[in-house]
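Next comes just one chain, in structure tokens: the form predicted alone.
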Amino acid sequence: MNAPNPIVNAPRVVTVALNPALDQTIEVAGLQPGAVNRALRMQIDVGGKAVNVASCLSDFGVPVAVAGQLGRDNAVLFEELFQRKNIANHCCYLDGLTRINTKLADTVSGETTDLNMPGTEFSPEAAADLLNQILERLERLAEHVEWVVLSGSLPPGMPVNAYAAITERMQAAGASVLLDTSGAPLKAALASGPRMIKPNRHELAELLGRPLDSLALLVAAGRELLHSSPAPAWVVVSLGSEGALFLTREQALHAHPLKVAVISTVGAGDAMVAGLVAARLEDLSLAETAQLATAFSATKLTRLGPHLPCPAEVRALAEQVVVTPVDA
């Protein structure tokens, strides 16, 4: 189950891929459900939220590692990406296939339809064994790692407190955890006090059990979490085409979206997570963090796959992001 590959620089960030995927993206011009659609082109990218985050961080020049699980039968595409982008591979290899998701990207509407597979189902014993092995690998990385990113769904059979266990262990070792998940895993992990969380508006509403139909209600909800115990230091709420909210106990900012030519929305939230981590590594202000994270997301919208343009282009776009204060 071992296949780490060495890198020149010790990783500053590790992303945890408990449920990675291969993303098969098919472009169509005007998707018509129930009819025969002729595809324009197709590409296959390694994916899953944690892998997407690592890929974007690497493009920005951040030394990064991935720990998690891969199926041996189609691991080669992941390995090629990790080698090409100098991402340290600390994944456990399991028998079988890594799940394959299908994305239908409509070039006319700019919308993407996702058909996501649940992933390999684990027995309680296999899930516990995998989680223990991942924790061991993370602890070996803890000497250098500053941020641990926990993002995406859990595979069937993985206990809902898996992210909570990782959060508790890694923050005790001195790293900060950014959590980007939903439902029961989000609720369970919040009890372990991750440093930052990035739900979207629907995930936040589900967590709190009430509708959040305005910016004021979203800000109030974010502040409720910021004053809970244990509490994150940062809450970022992605709003899709409306941008994102960036909240600390002292400030609430709205980053407005940039106008770009949308090729695919797949991975835009993951790119924002990567931008958040990159900003924290540079100790940027909340406003500067909002600008950089929004630029990460916007540049990702203009291409297929988990890739960004050169860092200079991302930074130049960040300067164009408009950020305004909001209050509940």
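Keep in mind the model is a prediction, meaning the values are calculated, not measured. A residue's number is simply how far along the shown sequence it sits, counting from 1.
A second form of this protein, the form predicted together with a small molecule, is not displayed here; the remarks below concern that form.
- Contact annotation: of the candidates L281, A287, V262, M42, the single residue with a non-hydrogen atom within 4.5 angstroms of the small molecule in the predicted complex is V262.
- Residue in contact with the small molecule in the predicted complex (any heavy atom within 4.5 Å), chosen from A126, L239, L77, L135: L239.
- Only one segment in the set 188-196, 86-94, 164-172, 253-261 has residues whose heavy atoms sit within 4.5 Å of the small molecule in the predicted complex; it is 253-261.
- Not displayed here, the small molecule is approached by A244 to within 4.5 Å at the level of heavy atoms in the predicted complex.
- Within 4.5 Å of any heavy atom of the small molecule in the predicted complex lies no heavy atom of G68.
- Contact check for S297: a non-hydrogen atom falls within 4.5 Å of the small molecule in the predicted complex.
- When the small molecule is considered in the predicted complex, G267 lines it closely, a heavy atom lying within 4.5 Å.
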